[in-house]
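Below you will find one chain, with nothing else, as structure tokens; this is the form predicted on its own, and questions on how it binds or moves follow later.
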Amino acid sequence: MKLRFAPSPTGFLHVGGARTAIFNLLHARRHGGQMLLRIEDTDVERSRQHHAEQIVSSLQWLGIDWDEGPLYQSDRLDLYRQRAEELVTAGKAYRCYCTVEELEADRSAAEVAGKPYKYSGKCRVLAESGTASITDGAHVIRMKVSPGPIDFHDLIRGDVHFEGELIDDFVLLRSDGYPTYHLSVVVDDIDMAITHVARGDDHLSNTPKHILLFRAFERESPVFAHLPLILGPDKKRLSKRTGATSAEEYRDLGIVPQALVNFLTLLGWSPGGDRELFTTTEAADWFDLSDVNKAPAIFDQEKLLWMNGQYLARMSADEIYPHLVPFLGDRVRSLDELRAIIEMTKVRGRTLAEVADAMQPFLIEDEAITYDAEASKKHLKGEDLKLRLEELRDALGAAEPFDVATTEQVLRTLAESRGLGAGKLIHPLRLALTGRGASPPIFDVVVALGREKTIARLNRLIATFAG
């Protein structure tokens, strides 16, 4: 078994393409097959090398490990021309010399008559009668399409039927010598021994043309699986607002690749039961293209954020750190310096950006702390505020050892001795150390900052609000 993921480098890798790559990979792994990566870059007007490189980079970031490639169609142009000529020689295709103006006139006439446009077949008649007078000049090569049924079984959609009478004599080779999508794809799928083609539902109308080409080359068609569309929560095609963005933009939002792959795998497929979190290796043990739903999948960005938060909570600091570094900017530290802080803050956000934000109080200088106005108004009050904070500072300064259990005991003992609720000390302490009304467990924060910083930040709060 051999599958292929074959993107066109006309833009970045979007979530629909990423899902197609994942489904190809999972089906290949489930059945002990291979997946090939092919860059379909024959559209010279729209294809860009930097997009091809970006697609490869995005797939690598997602952890999609293809077995062969990337192969570029632009390296195989002579082969496509040769195959087109073979079909002409065999009488299965012909040269068409109709000008753009002639074709446009025919199209306009069909519109006026209220009929669907279809190539008139003028050059086909001339070629078949042997009366074609033009032997040189600009031309395309068209496929001869014969009437009759075109049937195939789709792993997802079931039995599919098309009528040859409704299909144009489609172009195989353009006048500039470049192949159309139909020719290059079929030639490559034959040469590369592709057994299964899993691609988006938008390619379904291309499939009968490809089957005709496989027949013309006297080869068996691969097994087809047309993946359902991905819709936004509004049940319309994905837009930028509802999730139609590139995989790398989700990386820049702070989504870890494991979470994005898990989420995309669930768009149209389920492992059964209530299980939602799984690795790619686990999914490959269960996945089969025939189990993909026919109905469009719904892209729920809130679900993706939830899932990403679940992954962050389960990952170790060592696993998170490489993905987190870009979000720390110039405040990045070594993994050894940040390990405890990451473990403490990884549950404080649904994205890496939110985790990085939760880490900021541990990374900035004491004087850079700013105090949340609402939390300050609520917790920094009372005539005894200064005395409370000074006693807390002195008690923590004398705590031995300076660990979570001891610092908590010191604070609670002080609160009890003064007849106070522990919150009267905990909330001002949190503001002093982080500037925020919410934080990781406060005694974890105390120990992570260390005795010296804890005392310095308490002194700064005292000077600012109780001096």
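Keep in mind that this is a model prediction, so the values were computed, not measured. Each residue number is its position in the shown sequence, starting from 1.
Below, we turn to the form predicted in complex with a small molecule, even though it does not appear here.
Checked against the small molecule in the predicted complex, the candidates Arg199, Arg83, Arg393, Lys144 yield a single residue with a heavy atom inside 4.5 Å, and that residue is Arg199. The single contact residue among Tyr97, Tyr371, Tyr178, Tyr181, judged by any heavy atom lying within 4.5 Å of the small molecule in the predicted complex, is Tyr181. In the predicted complex, no heavy atom of Leu260 sits within 4.5 Å of the small molecule. The small molecule in the predicted complex comes within 4.5 Å of a heavy atom belonging to Ala6. For the chain shown alone, His203 is a contact residue for the small molecule in the predicted complex, at least one non-hydrogen atom being within 4.5 angstroms. Contact annotation for Leu173: none of its heavy atoms lies within 4.5 Å of the small molecule in the predicted complex. Only one of 115-123, 88-96, 215-223, 181-189 lies within 4.5 Å of the small molecule in the predicted complex by heavy atoms, and it is 181-189.
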